[in-house]
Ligand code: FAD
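Shown next as structure tokens: one chain only, the form predicted on its own.
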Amino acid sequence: MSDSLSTDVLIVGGGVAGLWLNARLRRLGYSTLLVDKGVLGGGQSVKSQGIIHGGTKYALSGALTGASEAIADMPRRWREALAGNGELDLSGVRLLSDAHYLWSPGTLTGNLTSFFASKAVRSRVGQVKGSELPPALQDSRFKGKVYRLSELVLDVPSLIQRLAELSGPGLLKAERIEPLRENSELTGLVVDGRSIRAQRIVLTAGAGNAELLNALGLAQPAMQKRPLHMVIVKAPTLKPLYAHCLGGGSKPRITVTSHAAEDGEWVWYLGGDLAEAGGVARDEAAQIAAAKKELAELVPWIDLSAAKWATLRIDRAEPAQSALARPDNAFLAEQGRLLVGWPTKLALSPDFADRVEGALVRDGIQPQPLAPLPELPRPAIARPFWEGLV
């Protein structure tokens, strides 16, 4: 496979951020090629809960933070794309829920009451009761309060499938990726022995960026990993629930999304504080025990005696921050023809594409007349995260 190829933008990493960028640049007239060593979406993307949130959960401390302001416009942009009239045509992607909910199991604490009363939050949040409650909370024993957020939850496998369709012939399965240097300048990559030249090379491989940077002999930008220990529960008694359950702290006590298994049962995917540092420190048995205890307290009317349980560890790969803090925005660093980035959240994939597009425009990178791509070996698409676990 020695034939060389040329493209305007060579992208490494086929998660949602890389696929979104690829589709966006193609729509702008650029020739692109996306290379991935694994399956499309097989890293962090398919393990995401699929919440396209507008940052309300980041404001649980009672004030709108940089994170909540940066992400506030994302639900609108995703909704337009899902309707087929946005920056990408994502019509056909399965919407799991048109809203995500905030759920307080008991009486709201004072700072949360003022949080919901604040003007900035009121525009995004509305209380729901009775038949408007999520199905899993429609029980006479439920005594809490529920607020509907103008956010949405996507079926991530169907999103990955659609973004792959929008990639046309521009996807390449790779085993080995090495730098292509000419006159000591990085001009592309050598993929399985085939030279691929590009005006710009974009690394958006999540945790894989560290290995790629190392192969290029670069130490910057540095990467951090913030681990999670998620819980998966499948049972015939589960009903749909898409919600952050509030605790006393600045993070949701538990975040639940629901996913339909092929046998018709619902799978609940549990994150939030349960999956953070305390959960990371627990082994699988202890983490499942902790999740059982939480659900017994929060939804005691749901019989989980026949439930199947599993856990899933995830590393959130991000640009290094002081004290392993959570980055507020998508991140992009540049070095010559090389651009390296992390969206930092699934919802911020459009923001990441904005930054790459801005760099191309600033540097005068225009689409060039290039030969069409030959037929290339394509990466497979990731299967749902729970398959084989429950």
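Just so it is clear, the model here is predicted, and its values are computed rather than measured. In case it trips you up, residue 1 is the first one in the sequence shown, and so on.
What comes next is about the form predicted in complex with the ligand, which does not appear here.
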(request) Please state whether every one of the three residues 17, 51 and 206 places a non-hydrogen atom within 4.5 angstroms of the ligand in the predicted bound form. (result) yes
(message) Please determine whether residue 45 contacts the ligand in the predicted bound form, using a 4.5 Å cut-off between heavy atoms.
(response) yes
(request) Report whether the minimum heavy atom distance between residue 344 and the ligand in the predicted bound form is within 4.5 Å. (result) yes
(request) Classify residue 28 as contacting or not contacting the ligand in the predicted bound form by the rule of any non-hydrogen atom within 4.5 angstroms, answering yes or no. (result) no
(message) Just checking whether residue 35 would be counted as a contact of the ligand in the predicted bound form - the rule being heavy atoms within 4.5 angstroms.
(response) yes
(message) Among the candidate stretches 91-99, 289-297, 259-267, 313-321, which one is within 4.5 Å of the ligand in the predicted bound form when only heavy atoms are counted?
(response) 313-321
(request) Could you work out which of 233, 230, 198, 81 is the residue within 4.5 angstroms of the ligand in the predicted bound form, going by heavy atoms? (result) 230
(request) Find the only residue in 304, 180, 128, 212 having a heavy atom within 4.5 Å of the ligand in the predicted bound form. (result) 212
